[in-house]
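Here's a solo chain for you in structure tokens, the form predicted on its own.
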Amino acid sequence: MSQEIEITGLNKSFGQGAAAFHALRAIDLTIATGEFFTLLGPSGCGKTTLLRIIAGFEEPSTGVLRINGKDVTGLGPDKRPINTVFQSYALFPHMSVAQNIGFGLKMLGKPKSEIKATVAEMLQLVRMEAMADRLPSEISGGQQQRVALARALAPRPRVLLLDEPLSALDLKLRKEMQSELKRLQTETGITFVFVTHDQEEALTMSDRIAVMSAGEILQLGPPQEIYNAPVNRFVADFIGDTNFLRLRLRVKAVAAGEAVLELPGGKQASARLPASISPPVGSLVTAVIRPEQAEPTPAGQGEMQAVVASATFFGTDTHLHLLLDDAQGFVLRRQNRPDQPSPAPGTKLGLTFAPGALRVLED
């Protein structure tokens, strides 16, 4: 697969000397042609700065940026085959939906016949043919988002950058637009680079995710890998809900990438041990297990014993907040059934989990 974007040795600092703020540090990154790629991280991690550098709105302090093999590091936004959709849709209020979509093509000097055909194609793509003549004030927020996407897609850029475009939408509409964005990217084949702090958006739409913190990429990979095999505590904590346990390492290198940990209550269980760390036998390590990767069993059975502290109902599932034998907290996520009441506080139960669910992390 060809590489659409190649970033090498990219750094970005604001200010000079000791007072300088280092927004990006030693970023090396490639994004494949036709990929839905997401930059994920908390506010201030550098993801929007990186997006703006790709767009040409910011210049890197050092480093090289190539698009489709061409060095564009010093080129302005208008010289790059890129369009951007921002949080604010910035539609022209006096123009109709169709006129908004065709505006960029008009500025590029395209023939009227081509503009008309492309606008019709984009309206069909975003399923808004019936609203072509409406003003932005006459359509919903989700429909305005579709118009902004259609306008950005109309010139057929090689890359579409999306800077938290769903953040202003309510929850239900945001979920609908997640599916819509993925559909549009698949149908057009355009490379999407998406910026968000919302882990659910990243997991549901992306081919690959770069998790960022303090100007660095901490982990890069497909959603399943990021979720199931986080490289450190930050990634494990930021992506999804996670139980962190302090457990003692009893046997190391039982097999390649495995160790044996002592669980609360005294039983032992195998855990994945990353090659990047080598804690001494007998030391306390941080282990993680996702709430949905453990199963309740009758009291006295399973790998660990627990007492229910409280239960939180979420509709599709219930989160059981537990206390283990050594008083460490543990959250168990259980799928709801109509005939299954939540256990009362004080209820004793056991916990079991599949091999590989328990994982040791770097501290």
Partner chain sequence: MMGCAVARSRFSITRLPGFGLIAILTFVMLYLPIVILVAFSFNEGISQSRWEGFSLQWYQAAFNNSQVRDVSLRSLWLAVTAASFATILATLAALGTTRVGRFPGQTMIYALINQPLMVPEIVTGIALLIFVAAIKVQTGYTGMGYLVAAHTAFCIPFAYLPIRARLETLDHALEAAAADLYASPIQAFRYITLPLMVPGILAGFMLGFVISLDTVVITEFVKSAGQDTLPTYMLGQLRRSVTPEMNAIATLFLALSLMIVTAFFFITRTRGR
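Numbering follows the first chain given and starts at 1. Remember, it's a predicted structure, so these values are computed and weren't measured experimentally. In this text, rigid core is short for the largest set of C-alphas that superpose within 1.5 Å between two forms.
Although not depicted, the form predicted together with its partner chain is the subject of the following passage.
**Student:** For the interface check, one of 114 to 122, 211 to 219, 75 to 83, 284 to 292 should have non-hydrogen atoms within 4.5 Å of its partner chain in the predicted complex; which one?
**Tutor:** Correct option: 75 to 83.
**Student:** Can you check whether residue 239 is within 4.5 Å of its partner chain in the predicted complex, heavy atom basis?
**Tutor:** Residue 239: no contact with its partner chain in the predicted complex.
**Student:** Should residue 146 be counted as a contact of its partner chain in the predicted complex, where contact means heavy atoms within 4.5 Å?
**Tutor:** No.
**Student:** Might residue 172 be said to contact its partner chain in the predicted complex, defining contact as any heavy atom within 4.5 Å?
**Tutor:** Judged by the heavy-atom cut-off of 4.5 Å, residue 172 is well away from its partner chain in the predicted complex.
**Student:** At the 4.5 Å heavy atom threshold, is residue 90 in contact with its partner chain in the predicted complex?
**Tutor:** Yes, residue 90 sits close enough to its partner chain in the predicted complex that at least one of its heavy atoms falls within 4.5 Å.
**Student:** Going by heavy atoms, what in 88 to 126 lies within 4.5 angstroms of its partner chain in the predicted complex?
**Tutor:** The stretch touches the partner through 88, 90, 91, 92, 93, 94, 95, 103, 104, 106, 107, 108.
**Student:** With both forms fit on the core, has residue 277 moved 2 Å or more by CA between this form and the one not shown?
**Tutor:** False for residue 277: its C-alpha shift is below 2 Å.
**Student:** Once you line up the core, how about residue 79: does its CA shift reach 2 Å between this form and the one not shown?
**Tutor:** Residue 79: C-alpha displaced by less than 2 Å between this form and the one not shown.
**Student:** Please say whether, between this form and the one not shown, the C-alpha of residue 92 moves by 2 Å or more once the core is aligned.
**Tutor:** Yes, shifts by 2 Å or more.
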